[in-house]
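In structure tokens, one chain follows: the form predicted on its own.
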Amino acid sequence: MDSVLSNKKAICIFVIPTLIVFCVIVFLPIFMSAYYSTLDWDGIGKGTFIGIDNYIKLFSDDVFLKSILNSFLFAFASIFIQLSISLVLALILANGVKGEKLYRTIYFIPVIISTIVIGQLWTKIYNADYGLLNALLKSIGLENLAYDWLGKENTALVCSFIPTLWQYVGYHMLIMYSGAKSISDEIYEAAEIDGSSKINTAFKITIPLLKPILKVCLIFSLIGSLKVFDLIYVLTNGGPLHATEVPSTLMYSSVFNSYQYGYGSAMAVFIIIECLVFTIILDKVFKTE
């Protein structure tokens, strides 16, 4: 094995084909999108080169700026609510509660359900006429609180957050739970001998040792929020009146509904750069010695 690893020709033979496939699949579409973003093109005829006009139009578009704000709100809610709930559940389960495997499975079930199914399910829950939420409110005498949850601007965005948070809590919980379980029992035994309480042990030992795991969850959660599409598309399609619009739903609408292929490509490039920049920032912030 050592002779193979020291042979540069052998390394090239194994690595270059994979590198070529990776570049074709990952980088070529990005470069093509960047090129299309400089065109005034409907996706069918011949495009006209217009330079950075699509990007100038992008940042003077109030709907697009609102979609960026919505994606940041999604990211904020995912990081401070979703990850906090996931961490608490992971620490409780890793501490060895009765029925640990059962709870672990139950929390993970939403992760394996199709996002489209989850979107349809919550659409039925929120429905103003026959939805479960309004039916529940009416059954306990709070019919005055019954509302068209996804049909009103002031509630649509928050109601779109909830299914997203619900779906991925189990995903992050399982990653953190696995990290907590990998910590040596000897460390906990030493803390117990020193008289450390469970909460003190969690804050002084478990969470600091989970720093690399938390970094991974943070990046997944942030990037997932910035490029969220499918659940929003099923729940509201960006409405009402762009109240739940995010960059990816606006990009889809520009390309496939308005046939503004160049403008939509500019949005795609923005999403890629946005995700890359935040990933680099998080990597610097959580850089380990």
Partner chain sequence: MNNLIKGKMAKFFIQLFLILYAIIQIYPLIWMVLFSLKDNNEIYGGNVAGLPNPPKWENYTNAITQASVLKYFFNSAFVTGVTIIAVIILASMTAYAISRMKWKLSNATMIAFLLGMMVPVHAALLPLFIILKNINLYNTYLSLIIPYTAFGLPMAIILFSSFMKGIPRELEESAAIDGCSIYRIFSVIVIPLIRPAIATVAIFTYLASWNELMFAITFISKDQLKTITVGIMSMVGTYVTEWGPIGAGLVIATLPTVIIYVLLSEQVQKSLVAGAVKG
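The term rigid core refers to the maximal set of C-alpha atoms that superpose within 1.5 Å between the two forms. Positions refer to the first chain, counted from 1. None of the values given here were measured: they were computed from a predicted structure.
Keep in mind that the form predicted together with its partner chain is not shown, yet the notes after this line are about it.
- Contact check for L93: a heavy atom falls within 4.5 Å of its partner chain in the predicted complex.
- Contact between I207 and its partner chain in the predicted complex is not found at the 4.5 Å heavy atom cutoff.
- Contact annotation for N200: none of its heavy atoms lies within 4.5 Å of its partner chain in the predicted complex.
- Residue contact with its partner chain in the predicted complex: L241 places no heavy atom within 4.5 Å of it.
- For the candidate spot formed by G47, T155 and S221, no residue has a non-hydrogen atom within 4.5 angstroms of its partner chain in the predicted complex.
- Checking L83, C159, L89, A180 for any heavy atom within 4.5 Å of its partner chain in the predicted complex turns up a single hit: L89.
- In terms of contact with its partner chain in the predicted complex, the residue from L137, A191, L174, A75 that brings a heavy atom within 4.5 Å is L174.
- Residues of 239-265 placing a heavy atom within 4.5 Å of its partner chain in the predicted complex, in sequence order: S248, M251, Y252, V255, F256, Y261, S265.
- The two forms, fitted on the rigid core, differ between this form and the one not shown by 2 Å or more at the CA of V15.
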